[in-house]
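Quick heads-up: it's one chain on its own, the form predicted on its own, in structure tokens.
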């Protein structure tokens, strides 16, 4: 079967699961992953047949897509801040909103114009600390995660991108000690209440690591509270906390940080939703 015929067969099989434009993009990504041909080369080779191994790999990938498996977990690749990262089901797929958080930190750190100590809590694929060190090479940056398998992914990404990061395996909810004082502590913590699970996309709830997504319905702000508490002890003078947050938690988090002795400000994402927060202790100058 020719490449063109295979593409038409796949489109028919997945037509009920994906919109036409998205499906065309997914097929092009799959074919490049399996054959090494980019979209232009795929057009040039449209009358050629794939070999048996390639056809098998393609059919397996199509079956995964039909189940809702994200394309990033099929190809084990995701892009973040212009860099290709390795991802698997042990880490979240990096999101554009998190790029906006990283941009905000880079903006702040650049104005400081000095080496900073930065800690990323819940590092996952390492996308945040790796992007920060590549943009701020004079800084000293660490990534912390509870998951050994997530840290394994993060270390592989750091090695591939020649990013010098220190890694820590800790359960932040059970941690009373951090190894340094930090000018910036950043986190994209779990923040989705379990009650929202039923309404989430299959691609997210069935494939991305629940430990990195969900918190209890009773205390959805627990990670922010714990990190704010640690910040009181381990932030440098005039140190900053940066967070990503659930779009409807902004007001609650402003109240929480005010109660805990912080100045806090929200920033909206590209879609106009409250998605980021920066906080500094009231006892320090802003």
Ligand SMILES: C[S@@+](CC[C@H](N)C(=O)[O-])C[C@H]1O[C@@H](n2cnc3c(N)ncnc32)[C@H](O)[C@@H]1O
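Positions refer to the first chain, counted from 1. Predicted model only: the values in this text are computed from it and were never measured.
There is also a form predicted together with the ligand; it is not shown, and the following applies to it.
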>> Give me the residue from 109, 178, 132, 92 that has a heavy atom within 4.5 Å of the ligand in the predicted complex.
In response: 92
>> Please identify the residue among 139, 81, 204, 146 with any heavy atom within 4.5 Å of the ligand in the predicted complex.
In response: 146
>> Within 4.5 Å, heavy atoms only, one stretch in 69-77, 207-215, 109-117, 155-163 touches the ligand in the predicted complex. Which?
In response: 207-215
>> Contact with the ligand in the predicted complex for residue 86, defined as at least one heavy atom pair within 4.5 Å: yes or no?
In response: no
>> Since only the chain is shown here, I'm wondering whether residue 189 would be in contact with the ligand in the predicted complex (any heavy atom pair within 4.5 Å).
In response: yes
>> Residue-level contact is defined here as any heavy atom of the residue lying within 4.5 Å of the ligand in the predicted complex; does residue 170 satisfy this criterion?
In response: yes
>> So in the predicted complex, is the ligand close enough to residue 223 to count as touching (4.5 Å, heavy atoms)?
In response: yes
> Every residue in 98, 123 and 127 with a non-hydrogen atom within 4.5 Å of the ligand in the predicted complex?
Replying inline: yes
